[in-house]
Ligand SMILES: Cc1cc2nc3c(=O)[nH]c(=O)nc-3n(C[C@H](O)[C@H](O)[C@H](O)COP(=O)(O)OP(=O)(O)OC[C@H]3O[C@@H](n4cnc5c(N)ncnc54)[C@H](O)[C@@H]3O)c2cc1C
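Encoded as structure tokens, the following chain is the form predicted on its own, with no partner shown.
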């Protein structure tokens, strides 16, 4: 009988595992089911450009039902796993929870924003981990320009609306603050009521440097470049409070900010701790170089696999990541997903499986239109050509030619027409105008 393969999570690793399995599996060899509450995979490196209006939101996601032809899709979440009985509890978006029996399980639930118990963050900040968050950030920034343009210059409310704070100086934080600064500068041409000096951008980083993935020299260049463009970078600084949008830093600085974006780290989904899968000290599923789930002693669990941000996979490359594990990024998730599919197919056929050993392709980041950095070993490239490298790399990396054409087509359109500055904040409350004027029965 066909084996049942359950993929938990449809992000990078889950999508690529299913996509590759469809090409590798023989007819009747296995039935693949993927469970995810969303009908698409978001290409996360594009989120800063979505937030800055350089990429249309729908172009940065990949519809699974369009590209996964034989994989069954369940819209919902896996809320429990009992590998001892090889069953998972599935809670669908609509309907009652049910038990799903499997032969092989692939845990690729990805990660979520990791925050600290800082007053005001949970109530006032927004992450940069989902396409919905990126769209909301863009709409908020444009909406704040609209609101601020009608307020008197020098007013506290106007200053608050035009102040943006990003917490976290890794790749996500630097790309986010850079793209938003670039977007705000381009918006000024359409808002003559607002001057450049009124738009204030803060980046708060607890460490003494930004972007640990690149060299110190490259990181220093980014700090200098972004400072020149109007970004205030606070190194060796922690956020102490954000209650009501009132920012308090460990250095004693105070200011108000309406838009607060949190990019200071990620973590695995907490529900995994409630399963019988082996979990590492930071909540990751313990994996081996072959991407099998293993116990702390290294004993492999039959029919259990993991990859991507949710996994703790040893990095056996010549230049291992921090702690000796693969870092949570798109490069690893995509490559692991492809190898995972090959290993599952090999395991079904009684063949040998391969270890995940990668060659680092380097790090590339976009820092707003026409500016970027690229680092590979000791070689670094900065400025316009690094920005082109960033765009070509990620434009070609997004899955499927259908999506590649949409992304590159959008960039070509923006080259001639400029970025689209339309913000549609009302989409967050789509029924508000209808409810306001809807007739109701008399009492």
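Residue numbers count along the first chain shown, from 1. Keep in mind that what you see is a predicted model, and the values were worked out from it rather than measured.
Unshown form predicted together with the named molecule; subsequent notes refer to it.
This chain is displayed alone, yet in the model of the complex one of 338, 229, 234, 77 has a heavy atom within 4.5 Å of the named molecule; that residue is 77.
This chain is displayed alone, yet in the model of the complex one of 328, 143, 303, 120 has a heavy atom within 4.5 Å of the named molecule; that residue is 328. Taking non-hydrogen atoms only, residue 44 approaches the named molecule to within 4.5 angstroms in the model of the complex.
The named molecule is not drawn, but in the model of the complex it has a heavy atom within 4.5 Å of residue 8. Contact check for residue 271: a heavy atom falls within 4.5 Å of the named molecule in the model of the complex.
In the model of the complex, the named molecule sits within 4.5 Å of a heavy atom belonging to residue 333. Although the named molecule is omitted here, in the model of the complex none of 205, 280 and 323 has a heavy atom within 4.5 Å of it.
Partner contact region in the model of the complex: 35-43, out of 406-414, 50-58, 373-381, 35-43, criterion any non-hydrogen atom within 4.5 Å of the named molecule.
The partner is not shown here, but in the model of the complex the stretch 380-400 reaches within 4.5 angstroms of the named molecule through a heavy atom at 394 alone.
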